[in-house]
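Before any questions on how it binds or moves, here is one chain, the form predicted alone, in structure tokens.
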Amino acid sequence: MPTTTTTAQLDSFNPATGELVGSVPTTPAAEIPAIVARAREALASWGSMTAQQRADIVRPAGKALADRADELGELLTREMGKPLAEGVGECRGTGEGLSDEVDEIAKAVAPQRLDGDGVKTTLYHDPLGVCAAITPWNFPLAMPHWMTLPALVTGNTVVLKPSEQTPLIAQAYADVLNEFLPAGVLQVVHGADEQGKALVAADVDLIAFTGSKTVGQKIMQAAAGGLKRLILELGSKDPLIVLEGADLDAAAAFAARNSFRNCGQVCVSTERIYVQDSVKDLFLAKLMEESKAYAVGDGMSEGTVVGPMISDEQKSHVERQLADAIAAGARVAFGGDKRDGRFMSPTVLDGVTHAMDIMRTETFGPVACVMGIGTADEAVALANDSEYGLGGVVFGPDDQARSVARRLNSAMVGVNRGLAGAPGSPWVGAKQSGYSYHSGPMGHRQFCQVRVVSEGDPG
């Protein structure tokens, strides 16, 4: 990253202990146009290579990331809070999967030939230009990677603005890639709203963003004047439907894991659980038993399964939702005890309704909300009664579960399993959970401008 002159520092603190982890220079917003100009200068050479050539340049970074996974994972955990095994796993998995991923990207954007009626047409997937990647804190290495790698291999240059909550691990990720990349191809800017707004307003061609719906709306408004391309993954309120005849052990294990992992700070966390009345009591008992395994503590401590919330503000938001729901008649079936600092107990709420904010507004915390329903039709209606539509899961007899899944307005649905798709599947949001998409061959092409070149009979 080019050296910038600044006196301001962006400090990063361990959310579990409050201790300073490290600092980076805050990028002055006034310098961002020059940073984007350097990215545009680098574009001519980088974009003129083939996708496979670019893939081969980036490929060694995978081994470097995997080899340094223990060191990087510790930094990630100290900065973001998740358990050390998950932090190391995020870094190692990113590195070990990089080589196959760059080949998948290169294959996805290779020229395609179409012939017919005396015309020979080639579809090219060319770089869009300069990509602004604005990434969140909850997967602070994986999310920059999800946006940066396809942007680079498809021939764009990238200006990465990671979350101000987790600048150190994102910078470390970029530093590894920049050991192998030409100058100017990947640069990092650090800061908060001011820097994000300046980057969106700069001379970029594509903005890839993961974060809240509110910020996504502001980015769309700011990008409209230049008709800049957008890839937005926004908020969600993912439903889980549990039908009569479901494997309740599997359903309860999934519900606990997907509600509490990463302290509930996952875009596809299970935030609403609709259980058919005939099996609700048994499901609830099993969910409460599963919840006992989610020990809370410092991510660096052995045995921790649930680390801290990222910030005081996020913890306060979850506590407000819980208090309001309880005041309106919800019952704490498990957990709910107060903890010091940024720690929160995994909590199971029973007796919730759609009149409660906790069933309508994104929580992003370790809370499982259980609501009894009479029929599958009622479950579908309630699950679809949301402005969001990222993921959803259905547990039940196979044929019925598949039928219910096809009626959900979520863009990604799991049937008797989590919603992650087979290799090559895109990551997609519906309704106000997303705009465009990424991952898999379809997602990689979102970073490209399609060009159609035809020759043959004039017609």
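Note that residue numbering follows the sequence shown and begins at 1. The structure presented is a predicted model; accordingly, all values stated were derived computationally and were not measured.
Although not depicted, the form predicted together with ligand NAD is the subject of the following passage.
Picking from 371 to 379, 77 to 85, 131 to 139, 223 to 231 the stretch near ligand NAD in the predicted complex, with a 4.5 Å limit on heavy atoms, gives 131 to 139. Not displayed here, ligand NAD is kept clear of residue 122 by more than 4.5 Å at the level of heavy atoms in the predicted complex. Using a 4.5 angstroms limit between non-hydrogen atoms, residue 164 touches ligand NAD in the predicted complex.
In the predicted complex, ligand NAD lies farther than 4.5 Å from every heavy atom of residue 386. The closest heavy atom approach of residue 46 to ligand NAD in the predicted complex falls outside 4.5 Å. Every residue of the trio 192, 210 and 427 has some heavy atom no more than 4.5 Å from ligand NAD in the predicted complex. Of the listed positions (364, 254, 283, 274), a single one reaches within 4.5 angstroms of ligand NAD by any non-hydrogen atom in the predicted complex, namely 364. Listed residues 219, 159, 168, 359 were compared with ligand NAD in the predicted complex; 219 is the one with a heavy atom within 4.5 Å. Contacts of stretch 382 to 408 with ligand NAD in the predicted complex, defined by any heavy atom lying within 4.5 Å, are made by 390 alone.
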